[in-house]
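What follows is one chain in structure tokens, specifically the form predicted on its own.
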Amino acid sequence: MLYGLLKGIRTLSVMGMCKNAGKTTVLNSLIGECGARGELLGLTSIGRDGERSDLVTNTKKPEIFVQEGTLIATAETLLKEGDISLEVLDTTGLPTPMGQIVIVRARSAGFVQLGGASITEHQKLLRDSLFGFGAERVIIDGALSRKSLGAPALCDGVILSSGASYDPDIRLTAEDTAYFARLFTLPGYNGPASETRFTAVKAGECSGAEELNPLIPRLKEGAEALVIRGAVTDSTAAALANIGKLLKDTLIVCEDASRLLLKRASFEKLMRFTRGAAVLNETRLIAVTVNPFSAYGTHYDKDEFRERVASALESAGLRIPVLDVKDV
């Protein structure tokens, strides 16, 4: 079912809103569907995945099952945790708490554990190495806590996995899922922008400054867009709120969705006193998956959860497929 959504995507990031959101189930489904079509996959992770039980909740987790030939970038010490025969292709020297990352080829089908780089630049190196060894598609196991792993510079597409482990309140989980989906579907902006921290754009001309205050006179004249380089945080939103009256006709533009590190309340407030938000580099969100099982015992009704997430996405104006992890 997921395979049909992968057209045009060479690097995919599966990002979980929390632990036990169903990422591994999604990953196994993708591995199976791609393998059935003869695709050679490359796999890596931003942290650790594929262990038999959750180290925090001590609950059973699905393991990662790979096909023979699969290319894997993982921490050296995790190789012994799997049961595949393997060929070591490269020792990268990239460090993790579980040892340096090595690139191996599976010489038999079986279970593996993934432990990869948490730095975006290192992930780019691993992605390129996996392609260099012949991968036709690379899948990165990610997490919203490392939202930069969904940046357009690293991946072509994102699957967002949400689950009952996020919060006991099904309403909150559905609304936050729609919020993060909204960030990953912000429209692109094609206007001018400087490399400074803040750029005010008026009538096709741009004026940049490292701090916001020097741009206030220009904003008073009316700006079409305010382009922000780097992270957009709650404190950034608070600074913009202080000059909110100047921004009612202004579009807030950031580099990409990975730079938006705002709580939902801060983002929604920002949208109320501006013309909206856009990004210089768009992200392609291809699906949202939902897992009604909670590692903490507060399970959701599976039909209600899927319907609530679908409704929240629709209310946000998003037409994104919502799939139960057991049906992918």
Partner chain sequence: MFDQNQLNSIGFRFVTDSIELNTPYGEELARRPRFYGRSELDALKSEQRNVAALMRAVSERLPEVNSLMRLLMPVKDIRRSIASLELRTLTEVELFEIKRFLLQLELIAPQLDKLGVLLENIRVTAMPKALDIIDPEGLRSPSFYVSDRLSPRLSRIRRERKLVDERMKKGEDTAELVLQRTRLAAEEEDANAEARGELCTRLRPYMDELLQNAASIGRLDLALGKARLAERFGAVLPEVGSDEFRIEGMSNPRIAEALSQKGRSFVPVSLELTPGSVVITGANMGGKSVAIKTLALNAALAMCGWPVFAEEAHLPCLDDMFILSEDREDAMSGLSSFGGEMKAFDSMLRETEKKEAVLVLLDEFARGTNPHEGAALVRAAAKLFNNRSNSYAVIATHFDGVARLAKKHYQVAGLRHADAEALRARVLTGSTDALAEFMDYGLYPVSPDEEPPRDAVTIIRALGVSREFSNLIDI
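Positions refer to the first chain, counted from 1. Throughout, rigid core stands for the largest set of C-alpha atoms superposing within 1.5 Å between the two forms. Note that this is a predicted model, so its numbers are computed, not measured.
Same protein, other form: the form predicted together with its partner chain, not shown, and the subject of what follows.
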In the predicted complex, the residue from 267, 300, 65, 273 with a non-hydrogen atom within 4.5 Å of its partner chain is 65
Listed residue that, although its partner chain is not shown, lies within 4.5 Å of it in the predicted complex (heavy atoms), from 79, 170, 186, 98: 79
Where, among 67-75, 171-179, 192-200, 234-242, do residues come within 4.5 Å of its partner chain in the predicted complex by heavy atom distance? 67-75
Can you tell me if residue 211 lies within 4.5 angstroms of its partner chain in the predicted complex, counting non-hydrogen atoms only? no
Is there a heavy atom of residue 153 no more than 4.5 Å from a heavy atom of its partner chain in the predicted complex? no
Residue 216: heavy atom within 4.5 Å of its partner chain in the predicted complex? no
Does residue 136 make contact with its partner chain in the predicted complex, using a 4.5 Å heavy atom cut-off? no
Determine the residues of 93-107 with a heavy atom within 4.5 Å of its partner chain in the predicted complex and present them in sequence order; the list may be empty. 100, 102, 107
So, superposing on the core, is the move of residue 195 at the CA at least 2 angstroms between the shown form and the other one? no
With both forms fitted on the core, give yes or no for whether the Cα of residue 92 moves by 2 angstroms or more between the shown form and the other one. yes
Checking residue 208 here: with the core superposed, does its CA move 2 Å or more between the shown form and the other one? no
